[in-house]
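Encoded as C-alpha coordinates, the following chain is the form predicted alone, with no partner shown.
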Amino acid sequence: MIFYFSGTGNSKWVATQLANHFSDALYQIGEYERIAAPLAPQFELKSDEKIGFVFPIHSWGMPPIVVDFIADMQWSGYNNQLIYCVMTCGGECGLTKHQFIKVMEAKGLGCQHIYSVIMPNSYICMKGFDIDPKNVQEQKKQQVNIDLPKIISAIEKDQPIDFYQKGKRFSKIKSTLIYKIFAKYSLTDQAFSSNEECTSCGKCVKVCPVGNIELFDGKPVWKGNCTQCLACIHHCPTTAIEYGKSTKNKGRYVFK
(Lines give C-alpha, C1' and ligand atoms only; values in the text may rest on other atoms or scores of the structure.)
Protein backbone atom coordinates (compact mmCIF):
# COMPACT_ATOMS: atom_id res chain seq x y z
CA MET A 1 0.00 0.00 0.00
CA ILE A 2 1.14 3.51 -0.79
CA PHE A 3 0.17 6.61 1.16
CA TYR A 4 0.63 9.86 -0.72
CA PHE A 5 -0.04 13.55 -0.39
CA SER A 6 -0.10 15.85 -3.41
CA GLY A 7 -1.27 19.32 -4.37
CA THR A 8 -0.14 19.98 -7.93
CA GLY A 9 0.23 16.35 -9.00
CA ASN A 10 3.99 15.74 -8.76
CA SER A 11 3.78 13.35 -5.83
CA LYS A 12 0.58 11.77 -7.14
CA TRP A 13 2.35 10.91 -10.39
CA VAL A 14 5.28 9.35 -8.53
CA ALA A 15 2.93 7.40 -6.25
CA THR A 16 0.98 6.17 -9.29
CA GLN A 17 4.15 4.91 -11.00
CA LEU A 18 5.09 3.01 -7.85
CA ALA A 19 1.58 1.62 -7.45
CA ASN A 20 1.49 0.46 -11.07
CA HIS A 21 4.82 -1.31 -10.73
CA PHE A 22 4.14 -2.99 -7.40
CA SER A 23 0.38 -3.48 -7.99
CA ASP A 24 -0.32 -1.62 -4.77
CA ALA A 25 -3.33 0.29 -3.54
CA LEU A 26 -3.12 4.08 -3.31
CA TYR A 27 -4.34 6.10 -0.31
CA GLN A 28 -4.53 9.89 -0.53
CA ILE A 29 -3.59 11.03 2.96
CA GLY A 30 -5.82 14.10 3.22
CA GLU A 31 -8.87 12.33 1.82
CA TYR A 32 -8.39 9.25 3.99
CA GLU A 33 -8.06 11.33 7.15
CA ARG A 34 -11.41 12.96 6.37
CA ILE A 35 -13.06 9.58 5.81
CA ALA A 36 -11.57 8.00 8.94
CA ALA A 37 -12.08 10.97 11.28
CA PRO A 38 -12.53 11.12 14.21
CA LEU A 39 -11.06 7.61 14.49
CA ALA A 40 -7.36 6.93 13.90
CA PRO A 41 -6.63 5.63 10.38
CA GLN A 42 -6.36 1.82 10.56
CA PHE A 43 -4.87 -0.57 8.02
CA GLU A 44 -4.43 -4.33 7.84
CA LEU A 45 -1.15 -5.45 6.31
CA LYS A 46 -0.42 -8.54 4.27
CA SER A 47 2.68 -10.57 5.09
CA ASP A 48 4.38 -9.59 1.81
CA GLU A 49 3.13 -6.00 1.77
CA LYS A 50 5.40 -3.10 0.90
CA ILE A 51 4.50 0.16 2.64
CA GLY A 52 5.27 3.35 0.75
CA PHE A 53 5.05 7.04 1.60
CA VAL A 54 5.20 9.69 -1.13
CA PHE A 55 4.92 13.40 -0.44
CA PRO A 56 6.33 16.80 -1.47
CA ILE A 57 8.86 18.81 0.47
CA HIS A 58 7.24 21.80 2.18
CA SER A 59 9.76 24.42 3.29
CA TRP A 60 12.57 21.83 3.57
CA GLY A 61 10.49 19.50 5.71
CA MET A 62 7.56 17.08 5.76
CA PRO A 63 4.07 18.50 5.23
CA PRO A 64 2.62 18.64 8.76
CA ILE A 65 -0.44 16.71 7.58
CA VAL A 66 1.84 13.78 6.70
CA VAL A 67 3.57 13.96 10.09
CA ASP A 68 0.18 13.86 11.83
CA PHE A 69 -1.11 11.03 9.64
CA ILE A 70 1.86 8.79 10.42
CA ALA A 71 1.61 9.59 14.12
CA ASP A 72 -2.09 8.66 14.17
CA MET A 73 -2.20 5.64 11.87
CA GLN A 74 -2.62 2.15 13.29
CA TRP A 75 -1.47 -1.05 11.56
CA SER A 76 -2.40 -4.64 12.22
CA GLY A 77 -0.30 -7.48 10.86
CA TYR A 78 2.97 -5.59 10.87
CA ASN A 79 5.95 -7.96 10.87
CA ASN A 80 8.91 -5.99 9.57
CA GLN A 81 7.48 -5.48 6.10
CA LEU A 82 9.58 -3.27 3.86
CA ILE A 83 8.88 0.46 4.28
CA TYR A 84 10.04 3.08 1.80
CA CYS A 85 9.68 6.80 1.25
CA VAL A 86 9.99 8.91 -1.92
CA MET A 87 9.91 12.69 -1.57
CA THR A 88 9.42 15.15 -4.41
CA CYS A 89 11.25 18.48 -4.35
CA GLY A 90 11.95 21.41 -6.59
CA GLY A 91 15.67 21.26 -5.94
CA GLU A 92 16.66 20.16 -2.45
CA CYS A 93 15.22 18.43 0.61
CA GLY A 94 17.45 19.65 3.43
CA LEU A 95 17.24 17.37 6.44
CA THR A 96 13.75 16.02 5.73
CA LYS A 97 15.21 12.52 5.55
CA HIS A 98 16.22 12.74 9.21
CA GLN A 99 12.83 14.16 10.14
CA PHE A 100 11.10 11.21 8.47
CA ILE A 101 13.37 8.75 10.32
CA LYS A 102 12.45 10.36 13.66
CA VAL A 103 8.75 10.31 12.85
CA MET A 104 8.95 6.61 12.01
CA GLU A 105 11.07 5.81 15.07
CA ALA A 106 8.40 7.40 17.24
CA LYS A 107 6.08 4.68 15.91
CA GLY A 108 8.67 1.99 16.60
CA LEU A 109 9.42 1.59 12.89
CA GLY A 110 12.53 1.74 10.75
CA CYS A 111 13.04 2.66 7.11
CA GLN A 112 16.14 2.00 5.01
CA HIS A 113 14.71 3.18 1.69
CA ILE A 114 14.42 6.99 1.74
CA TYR A 115 14.76 8.77 -1.59
CA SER A 116 13.95 12.01 -3.35
CA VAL A 117 13.32 13.04 -6.93
CA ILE A 118 13.44 16.52 -8.40
CA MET A 119 10.20 17.75 -9.97
CA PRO A 120 8.99 21.14 -11.28
CA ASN A 121 8.64 23.90 -8.68
CA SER A 122 5.16 24.90 -7.57
CA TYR A 123 5.64 27.13 -4.50
CA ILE A 124 4.78 30.73 -5.39
CA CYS A 125 3.61 32.29 -2.11
CA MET A 126 6.77 34.18 -1.23
CA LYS A 127 8.87 36.81 -2.93
CA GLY A 128 11.52 35.22 -5.12
CA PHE A 129 9.61 31.95 -5.54
CA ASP A 130 7.93 31.09 -8.84
CA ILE A 131 7.32 28.09 -11.08
CA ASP A 132 10.07 26.87 -13.37
CA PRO A 133 10.27 27.98 -17.01
CA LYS A 134 8.72 25.47 -19.43
CA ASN A 135 12.09 24.15 -20.60
CA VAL A 136 13.21 23.51 -17.02
CA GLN A 137 9.93 21.74 -16.27
CA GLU A 138 10.47 19.42 -19.22
CA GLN A 139 14.10 18.75 -18.26
CA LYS A 140 13.03 17.77 -14.75
CA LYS A 141 10.27 15.51 -16.06
CA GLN A 142 12.67 13.80 -18.43
CA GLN A 143 15.19 13.26 -15.63
CA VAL A 144 12.65 11.82 -13.20
CA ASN A 145 11.75 9.22 -15.83
CA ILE A 146 15.40 8.15 -15.64
CA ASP A 147 15.75 8.41 -11.86
CA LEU A 148 12.53 6.81 -10.63
CA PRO A 149 13.20 3.37 -12.20
CA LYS A 150 16.49 3.26 -10.26
CA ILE A 151 14.59 3.86 -7.03
CA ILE A 152 11.96 1.28 -7.93
CA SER A 153 14.68 -1.28 -8.62
CA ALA A 154 16.34 -0.57 -5.25
CA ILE A 155 13.04 -1.07 -3.44
CA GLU A 156 12.18 -4.21 -5.40
CA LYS A 157 15.57 -5.81 -4.67
CA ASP A 158 15.62 -4.39 -1.12
CA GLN A 159 19.05 -2.92 -1.80
CA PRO A 160 19.08 0.72 -0.59
CA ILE A 161 20.92 3.25 -2.74
CA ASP A 162 22.07 6.81 -2.12
CA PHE A 163 19.48 8.89 -3.99
CA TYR A 164 18.57 11.95 -1.96
CA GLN A 165 18.99 15.64 -2.83
CA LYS A 166 19.97 17.19 0.49
CA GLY A 167 21.29 20.48 -0.88
CA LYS A 168 24.68 22.05 -0.39
CA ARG A 169 24.13 25.06 1.87
CA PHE A 170 22.33 25.90 5.13
CA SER A 171 20.40 22.62 5.30
CA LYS A 172 20.19 22.67 9.09
CA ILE A 173 18.86 26.23 9.19
CA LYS A 174 16.35 25.53 6.40
CA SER A 175 15.01 22.29 7.90
CA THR A 176 14.87 23.50 11.50
CA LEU A 177 14.37 27.24 11.88
CA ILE A 178 12.66 28.05 8.57
CA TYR A 179 10.60 24.86 8.58
CA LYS A 180 9.40 25.47 12.15
CA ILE A 181 8.33 29.00 11.23
CA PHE A 182 6.48 27.63 8.20
CA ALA A 183 4.74 24.90 10.19
CA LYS A 184 3.70 27.32 12.95
CA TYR A 185 2.70 30.42 11.02
CA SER A 186 2.21 29.64 7.32
CA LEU A 187 -0.52 26.98 7.44
CA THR A 188 -3.18 29.63 7.03
CA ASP A 189 -5.71 30.31 4.34
CA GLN A 190 -6.56 33.89 5.36
CA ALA A 191 -4.71 35.40 2.40
CA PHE A 192 -6.53 33.33 -0.24
CA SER A 193 -9.10 35.13 -2.37
CA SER A 194 -10.73 34.90 -5.78
CA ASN A 195 -11.07 37.74 -8.27
CA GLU A 196 -13.55 38.66 -10.98
CA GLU A 197 -12.14 35.92 -13.25
CA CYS A 198 -13.82 33.26 -11.06
CA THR A 199 -16.48 31.35 -13.00
CA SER A 200 -17.85 29.38 -10.02
CA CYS A 201 -16.71 26.14 -11.65
CA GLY A 202 -15.92 24.51 -8.29
CA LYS A 203 -12.60 23.04 -9.42
CA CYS A 204 -10.89 24.38 -6.28
CA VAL A 205 -13.42 22.54 -4.13
CA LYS A 206 -12.78 19.28 -5.95
CA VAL A 207 -8.98 19.39 -5.89
CA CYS A 208 -8.46 20.48 -2.28
CA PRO A 209 -7.02 17.31 -0.67
CA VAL A 210 -8.37 18.18 2.77
CA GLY A 211 -11.83 19.45 1.83
CA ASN A 212 -11.05 22.97 3.05
CA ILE A 213 -12.96 24.90 0.37
CA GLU A 214 -16.63 25.35 -0.37
CA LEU A 215 -18.56 27.66 -2.67
CA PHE A 216 -20.64 30.41 -1.09
CA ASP A 217 -22.73 32.48 -3.50
CA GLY A 218 -20.64 30.93 -6.25
CA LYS A 219 -17.29 32.01 -4.83
CA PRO A 220 -14.71 29.88 -2.97
CA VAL A 221 -14.51 30.20 0.79
CA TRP A 222 -11.62 28.73 2.75
CA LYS A 223 -12.56 27.10 6.06
CA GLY A 224 -9.38 27.36 8.13
CA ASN A 225 -7.85 23.92 7.65
CA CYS A 226 -5.24 24.71 4.99
CA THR A 227 -2.05 22.70 4.40
CA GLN A 228 -0.50 25.17 1.93
CA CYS A 229 -0.40 22.59 -0.87
CA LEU A 230 -1.61 25.31 -3.29
CA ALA A 231 -3.78 22.90 -5.26
CA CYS A 232 -6.55 25.50 -5.46
CA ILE A 233 -4.28 28.18 -6.93
CA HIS A 234 -2.60 25.99 -9.52
CA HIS A 235 -5.66 24.05 -10.68
CA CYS A 236 -7.89 27.10 -11.15
CA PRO A 237 -8.62 27.17 -14.90
CA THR A 238 -8.97 30.97 -15.04
CA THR A 239 -6.13 31.91 -12.64
CA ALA A 240 -8.75 33.54 -10.43
CA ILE A 241 -7.25 32.56 -7.08
CA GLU A 242 -4.47 34.56 -5.44
CA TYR A 243 -2.61 34.41 -2.15
CA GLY A 244 -2.50 38.05 -1.11
CA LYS A 245 -0.17 39.96 -3.43
CA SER A 246 2.46 37.21 -3.38
CA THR A 247 1.12 35.22 -6.32
CA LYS A 248 0.11 38.06 -8.66
CA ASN A 249 1.67 37.82 -12.10
CA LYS A 250 3.30 34.49 -11.24
CA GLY A 251 2.91 31.28 -13.18
CA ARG A 252 0.73 28.29 -12.40
CA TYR A 253 1.75 24.64 -12.61
CA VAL A 254 -0.04 21.28 -12.64
CA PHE A 255 1.73 18.03 -13.53
CA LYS A 256 0.69 16.76 -16.95
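In case it trips you up, residue 1 is the first one in the sequence shown, and so on. Quick caveat, the model's predicted, so the values are computed rather than measured.
The form predicted together with a small molecule exists for this protein as well; it is not shown, and the discussion that follows is about that form.
Exactly one listed residue, out of 27, 53, 60, 69, brings a non-hydrogen atom to within 4.5 Å of the small molecule in the model of the complex: 60. This chain appears without its partner; in the model of the complex, the one residue of 110, 149, 77, 91 with a heavy atom within 4.5 Å of the small molecule is 91.
Among heavy atoms of residue 119, some come within 4.5 Å of the small molecule in the model of the complex. Using a 4.5 angstroms threshold between heavy atoms, residue 182 counts as touching the small molecule in the model of the complex.
In the model of the complex, the small molecule lies farther than 4.5 Å from every heavy atom of residue 164.
Only one of 120-128, 98-106, 77-85, 152-160 places residue heavy atoms within 4.5 angstroms of the small molecule in the model of the complex, namely 120-128.
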